[in-house]
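Starting off, we have a lone chain in the form predicted alone, written out as structure tokens.
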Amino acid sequence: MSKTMERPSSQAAEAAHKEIIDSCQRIYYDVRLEAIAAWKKEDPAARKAVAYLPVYAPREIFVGSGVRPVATFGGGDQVNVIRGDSFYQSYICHLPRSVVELGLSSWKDTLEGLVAPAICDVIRNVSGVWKVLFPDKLTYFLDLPQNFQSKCGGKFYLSQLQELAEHLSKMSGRKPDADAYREAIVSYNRNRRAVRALAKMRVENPHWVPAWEYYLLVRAGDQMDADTHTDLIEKYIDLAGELNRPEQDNARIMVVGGFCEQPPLNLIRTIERSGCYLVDDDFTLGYRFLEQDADENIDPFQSLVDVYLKHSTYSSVKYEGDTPKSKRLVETALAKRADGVLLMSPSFCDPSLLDRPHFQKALEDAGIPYSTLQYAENLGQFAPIREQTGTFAEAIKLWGEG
């Protein structure tokens, strides 16, 4: 039964909403990057596209250097991995297998290169395999700093950004221009503000923003330029309150652990259908990795260094020093008014699984219910997970405990 009476939605709002979600779904299912290939064909000499792997990459450097950044999260449940398996042992995550599989098929004719940000040893290995397979393409391992002092980690990261810009500019033929990088920062600041506004709406009215739609909206930025993506999100936000979506008596759940290899879309829908409102997660974390705007009035490279060092979110791929991630997790769960936390990790994901015991202890000490599960990007059986998360949600509602 609806908790609140809501005005009927207009047909125009419903149609506009459907158009937005349909466009986002087309991007989500385009793992072979057919839209990017079509975009490049319009001007093959000038248009260049370079992919980047999760979790975070400074897209401003790509755009300012005249290159289209393309977020790639593997093949999900849409790719039959055959050749990719031959490059990796069985006890690592699935993501690198599908990345190599796609690289050897459709991506090799579409992408000019791949940037692999530092996450773990597996992603470092992906960059090495890619370099061997495609020696004529750009392969860049972006070694993100784990020291957050400006005189050490900041100096190192600045050199990384400058080197990446040099490689990308050489590829595009565009002479590095501070104004071009600054304009990119302005666009991506606006984009991050839109994503934060969408996340805030999700916390305040989770029945307006289903988790699977939120996920698709953020993932739409995989292939879009920043301004187009921002306009899409802002249009969705404007429409959300006009739709007739009654509030349900669901448990408010926060999900942690899916920052790199992504869950299948149907897994997100399954969790939601089991009686959970997902009020926060770390899927597609790179789109909101920076929690504040980068300074638009100083040297653009230094601006990106400063905001990364001082205002990037907590994550299992970051060293937190004197600020334990487990403490930040509890603070976030309380701020989002989460009834419980789902610790949801990809199989064999060392960063996520190594943090899990610390997270569990912190949640227990704070009296916050939690449950755990594992998945792979190509997972196809969701019934056991729906039963588990449904039981978790019911336990929270009935007894306030996991």
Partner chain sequence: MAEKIAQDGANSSVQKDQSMEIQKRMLAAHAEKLWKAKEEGKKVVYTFVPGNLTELILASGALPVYPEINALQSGMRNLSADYIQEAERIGHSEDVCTYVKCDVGMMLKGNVGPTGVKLPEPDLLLLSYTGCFVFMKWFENLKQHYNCPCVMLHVPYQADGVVTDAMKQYVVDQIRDDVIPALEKVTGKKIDMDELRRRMQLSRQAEDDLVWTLQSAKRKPSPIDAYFVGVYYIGPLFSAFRGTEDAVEYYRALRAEVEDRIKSNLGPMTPEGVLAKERYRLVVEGPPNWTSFRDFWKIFYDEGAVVVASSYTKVGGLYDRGFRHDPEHPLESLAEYCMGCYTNLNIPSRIDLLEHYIREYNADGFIVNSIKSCNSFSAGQLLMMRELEQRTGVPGGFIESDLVDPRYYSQANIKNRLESYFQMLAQRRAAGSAVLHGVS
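Positions refer to the first chain, counted from 1. Keep in mind that this is a model prediction, so the values were computed, not measured.
The same protein has a further form, the form predicted together with the partner chain, not shown here; the description that follows concerns it.
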Using a 4.5 Å heavy atom cut-off, indicate which stretch of 243-251, 117-125, 181-189, 210-218 touches the partner chain in the predicted bound form.
117-125
Candidate from L354, A46, A335, A38 lying within 4.5 Å of the partner chain in the predicted bound form - any heavy atom:
L354
Exactly one residue in T228, N80, S86, N297 has a non-hydrogen atom within 4.5 Å of the partner chain in the predicted bound form; which is it?
S86
Taking heavy atoms and a 4.5 Å cut-off, does C152 contact the partner chain in the predicted bound form?
yes
Any non-hydrogen atom of R174 within 4.5 angstroms of the partner chain in the predicted bound form:
no
In the predicted bound form, does P145 have a heavy atom within 4.5 Å of the partner chain?
yes
Residue-level contact is defined here as any heavy atom of the residue lying within 4.5 Å of the partner chain in the predicted bound form; does P324 satisfy this criterion?
yes
For the stretch 298-317, which residues lie within 4.5 Å of the partner chain in the predicted bound form by non-hydrogen atom distance?
S316, V317
